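Quick heads-up: it's one chain on its own, the form predicted on its own, in structure tokens.
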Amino acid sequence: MSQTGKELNGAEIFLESLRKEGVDTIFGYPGGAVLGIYDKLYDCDFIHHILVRHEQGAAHMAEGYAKATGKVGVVLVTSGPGATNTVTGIADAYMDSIPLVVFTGQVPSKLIGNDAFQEADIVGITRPITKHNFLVKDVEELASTIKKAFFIASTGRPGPVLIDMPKDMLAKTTRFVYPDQVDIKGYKPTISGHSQQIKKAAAAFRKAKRPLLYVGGGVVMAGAHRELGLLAQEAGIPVTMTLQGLGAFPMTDPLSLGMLGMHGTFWANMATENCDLLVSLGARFDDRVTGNTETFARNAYKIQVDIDPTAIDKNVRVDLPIVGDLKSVLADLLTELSEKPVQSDYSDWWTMIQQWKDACPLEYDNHDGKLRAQFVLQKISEKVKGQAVVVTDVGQHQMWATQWIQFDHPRSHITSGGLGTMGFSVPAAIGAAFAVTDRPVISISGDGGFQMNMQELITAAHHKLPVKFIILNNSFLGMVRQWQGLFYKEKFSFTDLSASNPDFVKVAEAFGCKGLSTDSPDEVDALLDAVLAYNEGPVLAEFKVVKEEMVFPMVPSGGSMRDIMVKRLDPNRLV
């Protein structure tokens, strides 16, 4: 029943505004400043409220939900520590362009600035890590503010928006009117690319002998994977993807070179180094991709397509910028190319790429009877055949996952990229599982990152979510240990977890989950089959893998593609 025109208090306006936005799931934790909303939620039948066990978990769950669906993720927390506990998740969403609206309670208006109980200036704290934020000063502005927040979060380059709501604003009443449209002065995202720039891009494609499509997460956000596929397939152009771009183009397609960058494939990085046309689609030239920007693709003509004009030339100067929505720009580019198709023969280019593949294939020792993370990840990929949502944490396992798991569909790979947040995977996978019910949702973590938010297993168990929690346990902070081994003379300072790690099977069982464990390669197949077949609730599987393994290839931080390391330099070392 419509509440438009009725006299409602702020808490009721909050819920009705979410109804207007089509929100059906929110992640939150109650507290004094938002009790007015929770009082109304008690009888609310159109919103599924997920009670988390920590507010950071709420933010990451909303991220996982948003990345799995393309919808805006919604968070509701109280003031002070409730609000500040969301900061890591907000920063993570900001770096990875994830649409969130975070609602925080605040002390009553007259107490703001008085150091009242559970007061924090969350607007000031989050100003650098939100796309925009609001402090509601008048209940009459609440509905329109919520409308603006969802519009800002979901349009242009997506991102998090925060609304801080003083407790008295939730109790005051006004007539409820929800705007049909929003017009924000100075905020007009460009959708269509400039026609002359698109013509120039088409001409560059026709001229190139060694083209390369460099694909970022913007393709996934724009829903432009179909257009990308057509562009690549029409002319047989190789495609390399960033960490966030994985799945935008099928990794099993012969045109896919996999991921580029610090731990990308050797052939993707060499193709980047030697291409004569580099077309960046929704990617921001971050440092983990470029290394030394002075030498990055130095001989290539660079085209950058991005909806965010501030991303153009920010890290790497390009020759041809195109500002616009990727789906629209690629559609126009395909039309332009159809009128005069690309006629180039790229056989010599593909011969070079194949030589790089042959020279440095992805490989690991699989003959010494020890269990390795790469083996487990490869087996997961073989069993799910691209039909799963895989959520990784941060560290070595994250990079191995990009190498050994084949992502063939958009929104099938969810991870923390820009901020590199350990503890992301467990809650983000739970958030994704509330949206994805037709495919397995698999969370993959190292033993270090898993412990940062393992309390959210309780949330998964309470809702009987069939999330598959995988721990690749090497009893170390593996990626930090790798850097200590390579660049800090093997001084493994405070990275050994072997003496303090808990029994993860017992942890799982204590939190209401099924727990399994193995350290044998011979048991991996059967254990994974059991994990994938178990759908009565969450299941945790621990794989005790070797401690000393390192992730290669690796471009040293700040180095160029030519500095790529494909193995440990001293062959006598155990690693």
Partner chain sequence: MKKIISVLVENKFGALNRVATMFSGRGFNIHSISIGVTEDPEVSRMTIVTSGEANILDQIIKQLNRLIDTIKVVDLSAENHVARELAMISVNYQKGIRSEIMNIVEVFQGKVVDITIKSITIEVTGPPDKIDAFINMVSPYGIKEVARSGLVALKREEQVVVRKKEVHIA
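Positions refer to the first chain, counted from 1. Not measured: the values here are computed from a predicted model.
Not on display, but discussed next: the form predicted in complex with its partner chain.
- Just one of H463, K370, K172, H194 comes within 4.5 Å of its partner chain in the predicted complex, counting any heavy atom, and that one is H194.
- A heavy atom within 4.5 Å of its partner chain in the predicted complex is found for exactly one of T84, N292, T190, S154: T190.
- Partner proximity in the predicted complex, defined as non-hydrogen atoms within 4.5 angstroms of its partner chain, places exactly one of 101-109, 233-241, 180-188, 352-360 at the interface: 180-188.
- Put simply, I312 is close to its partner chain in the predicted complex: some heavy atom of it is within 4.5 Å.
- At the 4.5 Å threshold, heavy atoms of N473 stay clear of its partner chain in the predicted complex, well away from it.
- At the 4.5 Å threshold, heavy atoms of R288 stay clear of its partner chain in the predicted complex, well away from it.
- Contact check for K71: every heavy atom lies farther than 4.5 Å from its partner chain in the predicted complex.
- Along 79-115, a non-hydrogen atom within 4.5 Å of its partner chain in the predicted complex is carried only by Y94.
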